[in-house]
Ligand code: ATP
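Single chain ahead, by itself, as structure tokens, in the form predicted alone.
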Amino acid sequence: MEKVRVKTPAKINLTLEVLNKRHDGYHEIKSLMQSVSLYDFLTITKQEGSNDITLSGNKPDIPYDENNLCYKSAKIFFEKINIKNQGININIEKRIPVAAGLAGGSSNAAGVLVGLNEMYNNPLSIDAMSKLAATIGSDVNFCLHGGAQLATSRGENLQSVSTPDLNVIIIKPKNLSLSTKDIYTKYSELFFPHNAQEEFVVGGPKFQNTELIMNAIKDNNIENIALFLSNDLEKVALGLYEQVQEIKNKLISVGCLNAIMSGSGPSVFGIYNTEIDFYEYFADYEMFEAFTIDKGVSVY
């Protein structure tokens, strides 16, 4: 196969509980992650006469070099299946906002694994790809599998959950992008004591809403799913960026059942079950109407 096209969905966090700070510098989390119908598209093409992994795309604000997770994903795939000096180009058609708490980069990285595995006649099992995904980034394994997943450890350990049927509106300020590392660092400064002698450092108030939402999903209770939305990291973002709070308030005021920041932000999503003309209220923002889906990246 000389060319393959992959679609890679965005992720929202229905809950995100930051449980501990780990000795390795990462954070132990518990999060109910959910794929939604907002996609990037990758086109992976073999490049005859080339030994390089090259990247291209439609957005100037992402790196098209070895700093991109797509590059890392391709490199680790070729090392795993022992192919050397294979030239490929990965074209990234971005629709998911960058640095927005929606796992666009992680989803792209998972898409490269799936696309290359298809291109080379599926040498890796899904379990083998999962292990590779976990080494690339904390959300990459979730993006590989998708649907609804209870994610623990750094986010790479997954337990499948039934996908709820939700309508979702995603709003992002046009000129605000947040660094996941910076938001977690600020969260640690606020809520965790510094004690390098312990493997886990416990601290910070907890919502403990993950189990409540999982029960609401079993009951197909959309109102309770919306009621128990929670995100520990939102406490940091709300204190730093007024726009996040303004979006939350506005989404609820126009008829959403509830609204919460996704991941490390700054995107905020609302759950709704009545018809709402969001364009009337959010013309000055990046806006995406979507719905929940039961799978992750896929060959398109």
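The numbering used is simple: start at 1 and walk along the sequence shown. The shown structure was predicted, so the numbers you read here are calculated from the model rather than taken from an experiment.
Quick note: we don't show the form predicted together with the ligand, though the next part is all about it.
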Partner contact for residue 180 in the model of the complex: the ligand, 4.5 angstroms, heavy atom
yes
Would residue 69 sit within 4.5 Å of the ligand in the model of the complex, counting heavy atoms only?
yes
At the 4.5 Å heavy atom threshold, is residue 102 in contact with the ligand in the model of the complex?
yes
Is the gap between residue 73 and the ligand in the model of the complex 4.5 Å or less for some heavy atom pair?
no
Within 4.5 angstroms, counting heavy atoms, which one of the listed stretches 89-97, 159-167, 145-153, 220-228 is next to the ligand in the model of the complex?
89-97
Students should find that, of 61, 48, 275, 242, the residue having a non-hydrogen atom no more than 4.5 angstroms from the ligand in the model of the complex is 61
